[in-house]
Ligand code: ADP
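The chain below stands alone and is given as structure tokens, in the form predicted alone.
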């Protein structure tokens, strides 16, 4: 049994039998393409590949670390496209096997496949400019934002453009950079480390916030940064926060990270979520009507990667059960996900969101005030609390100081009627729902 199959066998004991048979069992480990710091698996189709990337890639990497002591980058490719992906992801200029393994880019991460909206327009334009004038402007380009918002996609889109122009590109995570540094330092082979990271045309590094408090690695990273920038080589970095907000990072690194351009990506608004879902459906050849697409857009959180998992799940259930993907089918398949989401949202979060949006105070919403704006706000808060939290109608009646659950039931009926009759009101409810599911739980 090769190392890849051994890891998948370990994973089998940690997940349900159904998910193992449906997804993991269909993976094939590629011994030819895998290296000591990269594990490549082949999936039978894009949906299974995306589902495993979303849900299991981190777990597979962790199991590798448990078994071998080294945590590799995990790549899931689609059967039949290995040769094409290898042609795109390995640059002929690079002769070192170690360099090539670190340069594996996802060929689907292109500018054409990136959905642009108000939340990411600036970051997109910045990355596009860097791809056209590598090393000349915005060096470094520092992209920051929450998980699953598209930072890696934009960074790798630049890398794919540069590789198509014959440039040598190193893409890696800061975790892998730290691991490489530690290994070469221990083996007294730092010349090889410097040759790998300082002789490329572009260095792309994910999650630099994990450099925090790693003083020795920060020293090495500083010199790597200086060498590349002085030679006009492009540097692109991503993190979950602005350089100034990364604790445990040397001031000289913070200042250098801001030398070029710092671009943020915000959580996608509802329209962008809908556009992302449509694009993913197009790529993965999944047919969904507008009602289903709009529904999915309102229930997903900030993490756009979640869309991949949802589409994979819906497609798998639809194929196995031989049924069409209708709105009722979607609600049934995703009921566990919705239950988990409801448990992670609290009433205070809803009150704060509604009060801020409608320009009232949370205390006014809970008061006996019968003014039109307060009653309107109270009804919306009750409806959203019923929709997004596990609170029962008696619990809501107690929270809002109402007589009993019949008052809550009456409010819910009024809201449902408004949703049918008033399109503007329906849009407002969807907008607030999106804000609630997108905001972090306090």
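Numbering follows the first chain given and starts at 1. Model, not experiment: these values are computed from the prediction.
Below: the form predicted together with adenosine-5'-diphosphate (ADP), not depicted.
Put simply, residue 113 is close to adenosine-5'-diphosphate (ADP) in the predicted complex: some heavy atom of it is within 4.5 Å. In the predicted complex, no heavy atom of residue 362 sits within 4.5 Å of adenosine-5'-diphosphate (ADP).
adenosine-5'-diphosphate (ADP) is not drawn, but in the predicted complex it has no heavy atom within 4.5 Å of residue 247. A residue is said to contact a partner when one of its heavy atoms sits within 4.5 Å of a partner heavy atom; residue 135 fails this definition for adenosine-5'-diphosphate (ADP) in the predicted complex, lying far away.
The partner is not drawn, yet in the predicted complex one stretch among 289 to 297, 222 to 230, 142 to 150, 314 to 322 has residues with heavy atoms inside 4.5 Å of adenosine-5'-diphosphate (ADP): 142 to 150. Between adenosine-5'-diphosphate (ADP) and the residues 305, 184, 79, 198, the one pair within 4.5 Å by heavy atoms in the predicted complex involves 305. Taking 263, 235, 345, 276 one by one, only a single residue has any non-hydrogen atom within 4.5 Å of adenosine-5'-diphosphate (ADP) in the predicted complex, and it is 276. The pair residue 179 and residue 53 separates in the predicted complex: their C-alpha atoms are at least 3 Å more distant from each other than in the form depicted.
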